[in-house]
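Each of the two blocks below gives one form of the same protein chain as structure tokens; they are labelled structure 1 and structure 2.
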Structure 1
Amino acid sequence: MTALGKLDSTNLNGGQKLAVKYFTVAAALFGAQVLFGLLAGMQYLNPDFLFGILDFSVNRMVHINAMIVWLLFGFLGSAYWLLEDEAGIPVVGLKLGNLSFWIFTLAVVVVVVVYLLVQVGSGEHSSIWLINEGREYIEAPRWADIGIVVCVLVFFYNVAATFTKGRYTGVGGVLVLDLVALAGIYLAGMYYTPNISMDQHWWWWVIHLWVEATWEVLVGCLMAYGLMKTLGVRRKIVETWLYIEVALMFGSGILGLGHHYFWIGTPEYWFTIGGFFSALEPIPLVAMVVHAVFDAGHHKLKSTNNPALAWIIAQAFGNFFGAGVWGFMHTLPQINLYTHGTQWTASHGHFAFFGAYVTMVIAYFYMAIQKWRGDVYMSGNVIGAWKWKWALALLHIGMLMMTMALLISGYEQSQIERAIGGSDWVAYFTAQSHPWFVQGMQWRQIGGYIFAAGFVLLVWDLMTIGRRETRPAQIATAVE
């Protein structure tokens, strides 16, 4: 064991060393997401900016795809981080897992380079395989689609085989079952049909069930483990709420998929089903955190890692408000008729992805850096604590500012473009030039700059936190 505060990979097990690789790429792609988001925001305000060099459609595509991919890298890394500790044995097939990581990373680099170099051209059948499938959020060419599924299948093998040979836990059991869906449901986005309604139907399976359901359960597993490690709460508490989360996902998440079916030609019964079942999933994760914090206080347990715990708590409430409240605000079909496809949707999307997923991955960044530095002290008065606190504040302030600004612009659109103008082209351009819309997009850009400042501070903190500490981490003992 090296001295406290020094980065040394000997402090990590095999799965955690692989996790650090995933976390490194995830942080780089996070930065790319922020950069291309800022560029796209500038082009919204000044359409001539970089015109013909880096078009808005490409900026927006890279911004969104970078978000999906960096979060996927973060989730895979987080699962590898807990795998050996939770199963009690070394990762099975670790060499294959490392090979999969390098293949996945290389594929992402190639796809992004193609996006940037081939921005315009004829839409041939070959372009679906080699350049862009043209489906919003999942534009990756077909070869990359297949590669993602293969990499997730390798990941599933590592996790399932390790828990099969090692110790079975509730967290491990839910994680293994969830990974079946994580690999399988993505296949729905590769199904081709010339019927636009059927194509949208299967496309929404990826957007909702892959991202909003399987990711939600995966985050539940990560939260359960994180609370046990940072607070020492009892396993039976977090696993009970994890099981409730799975039940609600099957009971409401799958049926809640119907809120995407309102306007693509599916039967009218989806109006009722989709509108009713859409906002229940985040509730168990909030309850898990509240119950865990109460239990820790009752047993006088202290946090071993304040930054990680702060981000876990931020996840619970960000998920509840961003995915739950903000989603439900425009999910009912009577409202969605006017809000669908406006900046109101973008407001929900920004808040939901940040609150539900980004926060949890950042929590695992801090758990990893603590162990990497030899289980260094990272509680309330850690040296340089101002950096992680200000990073937390700036990222949330920037995100909330973007969320509210987009909501104002979306509200203006829903009124002028939809309710008054009836969704024709004249109404669309009238809404886009309205002062409320323009001012909302300007404030969104300011929020983006604040968010970018928070990201820079976050990276600085992750590179330096604990470096000058000589105190060991506090001990949180989980009580079964």
Structure 2
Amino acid sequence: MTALGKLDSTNLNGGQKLAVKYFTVAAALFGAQVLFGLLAGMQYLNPDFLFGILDFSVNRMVHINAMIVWLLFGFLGSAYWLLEDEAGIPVVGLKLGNLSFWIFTLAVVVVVVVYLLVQVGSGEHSSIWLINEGREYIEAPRWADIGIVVCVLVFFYNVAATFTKGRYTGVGGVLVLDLVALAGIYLAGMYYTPNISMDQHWWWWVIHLWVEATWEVLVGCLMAYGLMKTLGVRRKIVETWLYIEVALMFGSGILGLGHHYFWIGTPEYWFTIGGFFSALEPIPLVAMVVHAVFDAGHHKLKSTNNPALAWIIAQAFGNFFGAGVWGFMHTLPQINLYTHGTQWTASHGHFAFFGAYVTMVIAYFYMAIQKWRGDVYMSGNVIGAWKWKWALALLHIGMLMMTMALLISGYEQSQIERAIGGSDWVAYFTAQSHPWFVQGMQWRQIGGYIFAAGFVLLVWDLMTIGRRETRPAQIATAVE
């Protein structure tokens, strides 16, 4: 036993040692995401800023790619985090998992360096194999796609083999099946066609079936485990809720895919199917809020890890508002005709990714740091509690400010560019020059700085929280 409060990797099991590596890279990439988001946002206000050096397209690509990758790293880390605990045995094939981590990280670094230094290629297949694929969110060149698939297969082997050799809990079973789908769907994005309709049709399989189906179920698993750990909720309760979430999430989210098939050349029946099923998508998110809030109240908010619990509750609400409410607002084709591809979309995209996924990964960061310091006390009035509280507040204020600013710009755009103007170049720039739009961009930037301040504080807090504590973690008490 080492002293409480001291960072010591002997406090962690094998899977958890690997998890904290993933978390470290994830946090660094989160920083890159924020930085490049700020650069791209600046360019809305001053188009000459870095023009010809780091153009908007480059900054934006790094911004959203860093996001996808850091969230994936966060998820992989979280799965390794809970693996041994859930399965009851050490991770099977951990050495391979470690190797895969280093390969994955190296590949990410190479991809980003190429994005920044090479930026664009000529119109040939070699460019999309080596430089960038030019398709939003999955810009990574094809060689990297293949690398990602291999790394994810190794990860999958670790997870599936460990559960199989140990024991399958409900969380474990859902997680493994979900990972099969998550990895399988990625393959749909790995091919070239000159037909842009076909291209986007399959592209949405990756994007939508990730964020509105498989990722949602994955965070459902993480929430289940998180509530058991921080509150001591009984397994039977969280697992029943998990099944409810899976049923509702997949039941609405799979066919909800149709809300991206209104305008890309796909048939008109998607109006009905996409509109109907995607309108149901908020329901499971309500279920998650009820579940998390009810459990927290039932346990009188007495948790072993207050910051983690706070971020889990934030996840429940953020997911509901960002994905559920903000998604619902523009999901019916009658509205989407005017909002499709405006700052509305960006407003929803930010709020949803933050609310649903960033929050959960941060909760796991806090769970990790607690155990890493030898299961140190992290309940009410942990020393320096202001830091985690202010980090949480600043990140939320910043994100909400950005979301609202983008929404107002989006309203203006759908009115002036789409409804009144003719949706052509002149109409586009008329809308972009309107003071309401410009003010939205300014407030977004201010929100971005606040968010960035929250990020810095978060990192500082993660490095220091619990360091001066000598109290052991509060024990989660089962409540009947």
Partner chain sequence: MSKEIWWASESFWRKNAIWITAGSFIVLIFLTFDTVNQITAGGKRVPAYSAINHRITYEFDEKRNMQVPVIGVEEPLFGTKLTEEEAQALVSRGKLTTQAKNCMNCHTLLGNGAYYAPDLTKSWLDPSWGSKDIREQQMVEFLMNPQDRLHNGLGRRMPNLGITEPEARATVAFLKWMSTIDTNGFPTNFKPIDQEN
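Please note that residue numbering is based on structure 1, beginning with 1 at the start of its sequence. Each form is matched to the other, and the largest set of C-alpha atoms that superpose within 1.5 Å is called the rigid core. This is a predicted model, so every value here is computed, not measured.
Visitor: I want to make sure I have the labels right. Is the form predicted alone structure 1, or is it structure 2?
Guide: Looking at both, the form predicted alone is number 1.
Visitor: Is residue 330 one of the residues whose C-alpha moves 2 Å or more between structure 1 and structure 2 after the core fit?
Guide: Comparing the forms between structure 1 and structure 2, which are aligned on their rigid core, residue 330 does not shift its C-alpha by 2 Å or more.
Visitor: Determine whether the C-alpha of residue 291 shifts by 2 Å or more between structure 1 and structure 2 once the rigid core is superposed.
Guide: Where the cores coincide, residue 291 still shows a C-alpha shift between structure 1 and structure 2 that is 2 Å or more.
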